[in-house]
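Next comes just one chain, in structure tokens: the form predicted alone.
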């Protein structure tokens, strides 16, 4: 299937690792030009090298997205280097465990800044270019916004806001033909997830408990499966899909627990 993404310039925040890196590779495989935007310069260079060694183009902007100025800079640098911007994938963030009981109001606000505010800033500064391209935005959410998790108020509320903003932006941007959707993972093995597992006395036992609760095939979703949905939503093949929350989770969130 030709997704008609050839030469489309796609910014992927947090594109150096995990789900973001998988999205970058998937974009390149479809002939698009991914631009990695994030803090980890070394990891970003590694992914960029993997893409370019295969003959594809890939941009890299090493920046901390914690300020609006940094977000604006990443957009302007992308357009200066590649001449256009066709799509934005808001993906950067982490489950930072800022809870209600253990956290503080200051830590909560900092968590929102890490996990939510740059989604708005990146979309805001991308908008003039997306209007010209009749482009699209895909936000990466989290099942924590729907299920709760405990002890992660900042991250969960950020992801809930992202789901709300997806509907709001989809409505606001209808006149420009800009589509906005969210992909929602549940249990995906990433470096951050592995680090979390390793905090338990018996990581493999914990992992097996989690796997037993995933209805479809009792396995983790792969980063590549998330990336495939993201790339489809960026493409012309999903040209009448907007304002949607798409769960790629093996039935983890919505299927009857009796199944597991």
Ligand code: NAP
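Residue numbers count along the first chain shown, from 1. Here the structure is a predicted model, which is why all the values come from computation and not from measurement.
Not pictured, yet referred to below: the form predicted in complex with this ligand.
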query: Site check 93, 141 and 190: each within 4.5 Å of this ligand in the predicted complex by heavy atom; finding: yes
query: Listed range touching this ligand, judged in the predicted complex by heavy atoms within 4.5 Å, from 37-45, 231-239, 50-58, 206-214; finding: 37-45
query: Contact of residue 114 with this ligand in the predicted complex (heavy atom, 4.5 Å); finding: yes
query: In the predicted complex, residue 65 touching this ligand (heavy atom, 4.5 Å); finding: yes
query: Exercise: residue 25 in contact with this ligand in the predicted complex, heavy atom 4.5 Å; finding: no
query: This ligand contact in the predicted complex: residue 178, any heavy atom under 4.5 Å; finding: no
query: Stretch 146-170 - residues with a heavy atom within 4.5 Å of this ligand in the predicted complex; finding: 155, 159
